[in-house]
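Next up is one chain by itself, shown in structure tokens, the form predicted alone.
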Amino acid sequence: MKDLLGLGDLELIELSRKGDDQAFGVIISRYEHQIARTVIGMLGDTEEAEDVGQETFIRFFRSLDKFRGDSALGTYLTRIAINLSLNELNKKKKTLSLFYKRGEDKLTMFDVPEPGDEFDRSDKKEIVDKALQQLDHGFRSVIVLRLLEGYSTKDTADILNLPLGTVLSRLSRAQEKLKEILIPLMQ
């Protein structure tokens, strides 16, 4: 396996296509943290996020022959992870809609802390993560890719298959929405 660690992504993919399981294992170890951050950013730290993370690599393995190398492997895997996350969110949304009557207010996703409570770093991270979960899927995916994962605006547009202007607009609107959610909680 040590010999495989120095290989590039395209070489590992070629070996994987030929049935080399260790080569595919190197791909997984190389990208699992990136995919986990993306999926957790989209779904929160849930069992579903873990399932989507695993499914990302399963889908990639099944479609190895379709990967042409037009984009970086990390970008390609992130696109799969985002698509699977959006599917999961849509599934969740449909399930939740069964429990709400039309016009009925939805429950908030987290309790608002009492003013004056002291927060440590993990509390703030948890609040930000939960606030992120309140964003519309389209806004959330742009925030996760652009701000949390550090993709350029162009790469974010490519991954989401959106025009550049749409990504910029969603990013701006998502940041405003996050401010609306977070400012009262952080004071």
Partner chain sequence: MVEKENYYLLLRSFDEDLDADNAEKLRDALNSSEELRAEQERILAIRNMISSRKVSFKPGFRDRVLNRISEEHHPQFIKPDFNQTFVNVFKKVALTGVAAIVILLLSIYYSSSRLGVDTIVGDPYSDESLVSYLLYENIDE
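Residue numbers count along the first chain shown, from 1. A quick note: this is a predicted structure, and the numbers were derived from the prediction, not measured.
Below, we refer to the form predicted in complex with its partner chain, which is not included among the displayed structures.
Among heavy atoms of N161, none comes within 4.5 Å of its partner chain in the model of the complex. The shortest heavy atom separation between H137 and its partner chain in the model of the complex exceeds 4.5 Å. Using a 4.5 Å cutoff between non-hydrogen atoms, S172 counts as a contact of its partner chain in the model of the complex.
Remark: E47 counts among the residues lining its partner chain in the model of the complex, judged by a heavy atom distance of 4.5 Å or less.
Contacts between stretch 32 to 63 and its partner chain, counted in the model of the complex as any heavy atom lying within 4.5 Å, involve E32, H33, I35, A36, R37, V39, I40, G41, E47, A49, E50, D51, G53, Q54, E55, F57, I58, F61, R62, listed in sequence order.
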